[in-house]
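One chain comes next, on its own, written out as structure tokens in the form predicted on its own.
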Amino acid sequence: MRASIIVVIGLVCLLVPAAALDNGLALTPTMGWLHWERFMCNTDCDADPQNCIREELFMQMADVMVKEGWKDAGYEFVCIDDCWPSQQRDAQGRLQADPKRFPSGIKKLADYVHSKGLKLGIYADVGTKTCAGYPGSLGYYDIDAKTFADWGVDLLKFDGCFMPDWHQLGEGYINMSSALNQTGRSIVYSCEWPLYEWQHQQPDYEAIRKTCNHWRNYGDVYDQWTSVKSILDWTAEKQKIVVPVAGPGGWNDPDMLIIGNFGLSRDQQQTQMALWAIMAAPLLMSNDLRDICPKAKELLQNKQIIAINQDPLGKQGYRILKADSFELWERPLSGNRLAVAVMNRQEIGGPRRFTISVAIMPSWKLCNPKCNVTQIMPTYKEMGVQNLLSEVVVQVNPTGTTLLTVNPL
């Protein structure tokens, strides 16, 4: 326990954000929908028209986002991932959409999404090919940036496959960042630079933050609890490196929310939502919003959890304790407030009790003289006025998380 407390004190000293990419975007974490985890590279529209990557899929998601309250909750981006382009560039060297699956073209799709008050994201790759083998942007950064701007694209997810020399990764990402800024259009820049560089060396996060609005550090999320746990473990193990660089304009991206799909239990979905809020992560859902269960929808649209994620102070949270199959995470919030997540990593038995006190959580000192504690999740509950000597007991289901906010009085 003492070692964990030392970690958090060290982190607090480091929580001074580096200079961010100066494009005025992503001052809070990006929120929206992204096709990859749920729909992947399904291009067989004859056999599976409902789920293939084509313009109708994105138009339908835009419609649902407006009709079903997603836009009002803060989700504003409809993002295309890999497998949208034609296999060949046009005669002018420009990327073009697959003519069968996107017959109207990306510009018309962007216009449609914009007509709904939403924004359109697209996908490309820093190397010679995308991860699925479509044309990459190496040698075409300027023309691709201009093409995306001309189409009215609002976000670019820039992957890192098929770069002939990994030493060129940083140069490629920086060049595309510059090319996007030179278009004069506001385009959120989502990088995968550190994900591919960690395979060789520790990335330069100061340079990454100056280049990108958010960046992937770790492998793709899968629709399974093991995958979510591995992302949380990696983030906690590397938190001294990655937490200090996050802040308004630049965020660590632990990958998509898979809530509402097939692989997570109710408690595990709550854990992903809570910890993504604590980590100040982009909230990019990958699910089928046309057919999502009410409980998943309620969780994803929870205003109190979204408010933690979107807190304007923009500090990423971190793990301060790991003991007895519990993890304790906290995030500083604006107004000298605090968000606290208690996660039960045990995967056997029933609900377990965990006691929060100043001995376990030094930041509980904000309760001197008094504070108000509110349980946000799994159910909303006012836990009343507490003080420096209080011990707050929460009950946490296996693989679940209890999320609290602490407000000084």
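Values in this document were obtained by computation on a predicted structure and should not be read as measured data. Each residue number is its position in the shown sequence, starting from 1.
There is also a form predicted in complex with a small molecule; it is not shown, and the following applies to it.
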Worksheet item: With the small molecule left out of view, which of L169, I305, C131, A149 would have a heavy atom within 4.5 Å of it in the model of the complex?
Response: C131
Worksheet item: Can you pick the one in M273, V242, I106, M256 that has a heavy atom within 4.5 Å of the small molecule in the model of the complex?
Response: M256
Response to the item:
For the small molecule in the model of the complex, the stretch among 131 to 139, 176 to 184, 207 to 215, 229 to 237 with residues bearing a heavy atom within 4.5 Å is 131 to 139
Worksheet item: Given that the partner is absent here, does D154 sit within 4.5 Å of the small molecule in the model of the complex, heavy atoms only?
Response: no
Worksheet item: Does the small molecule come within 4.5 Å of any heavy atom of Y189 in the model of the complex?
Response: no
Worksheet item: Is D111 one of the residues lying within 4.5 Å of the small molecule in the model of the complex, judged by heavy atom distances?
Response: no
Discussion item. I'd like to know if E330 sits close to the small molecule in the model of the complex, meaning any non-hydrogen atom pair within 4.5 angstroms.
Written reply: no
